[in-house]
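Given next are two forms of a protein chain, the same chain in both, each as structure tokens and marked structure 1 or structure 2.
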Structure 1
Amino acid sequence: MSRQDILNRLREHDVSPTSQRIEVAEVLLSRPQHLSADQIIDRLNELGSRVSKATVYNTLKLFSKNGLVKECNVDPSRRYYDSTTHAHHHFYNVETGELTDIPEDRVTIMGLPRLPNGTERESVEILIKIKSS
């Protein structure tokens, strides 16, 4: 994903492109992946860029509020951010912690009950936990 693509995606989501936000986006959006705040900070440090912890957290919160990335709560001890935002599902290897995307297009769910009164659906996510056989 080129720098120009990054800039476009930030603008599309009403995120003004500061240099720190661009750096975080470059790390997270460069390819489909799931990273925690900590991993992003480490990666930024490796790349020699200096973005503070607070800014990384602020930025991730902003990105997910604006739909640029999705929060992923599989590992109970940390929050992961998913660079793939269109609806999709996950394999989660409980032994390794590895998280893999499942595209949504062919998946159909039938027989769900209706939603509780006065509520509407925000998302439907399937999580398939797997382990080595």
Structure 2
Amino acid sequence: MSRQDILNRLREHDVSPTSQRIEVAEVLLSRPQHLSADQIIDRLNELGSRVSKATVYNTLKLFSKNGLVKECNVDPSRRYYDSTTHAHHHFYNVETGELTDIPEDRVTIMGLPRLPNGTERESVEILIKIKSS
């Protein structure tokens, strides 16, 4: 994704393109992927960036709030940021910490429960936790 594409995506999601936000976006939005904040910080450091940890966390919160990335909570202490924002399902390897997409055509959901009065379904997303056998 070019720098201009990054700038356009930020603006489309009402995110002011500061230099730090652009750096985070270049790491996270370069391809479909799932990265934790720490992984993003590590990659930024490898690139010689001086973006602070607090700025990365604040930027990810803003990106998620504005729909630029999807936040995936796999357990109370692990959160990933997904550059693919439409509703989809995941495998989460509890041993390696790897989060991978499940092809949409591989999941069929039947018999969803009736929703509580006054609510509507926003999405249905499945997280399947896996480990070595």
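All residue numbers here refer to structure 1's sequence, counted from 1. We call the rigid core whatever largest set of C-alpha positions still superposes within 1.5 Å between the two forms. Quick caveat: nothing in here was measured; it's all calculated off a predicted structure.
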Looking at both copies of this chain, which one is the form predicted on its own?
2
Tell me, please, whether between structure 1 and structure 2 the C-alpha of S16 is shifted by 2 Å or more, with the rigid core used for superposition.
no
Using a rigid core alignment, state whether the CA of N45 is displaced by 2 Å or more between structure 1 and structure 2.
no
S36: CA shift of at least 2 Å between structure 1 and structure 2 after core fit?
no
If I align on the rigid core, how far apart are the two C-alpha positions of E122 between structure 1 and structure 2? Answer in Å.
2.8
Shift in Å of the D105 Cα between structure 1 and structure 2 [rigid core superposition]:
5.8
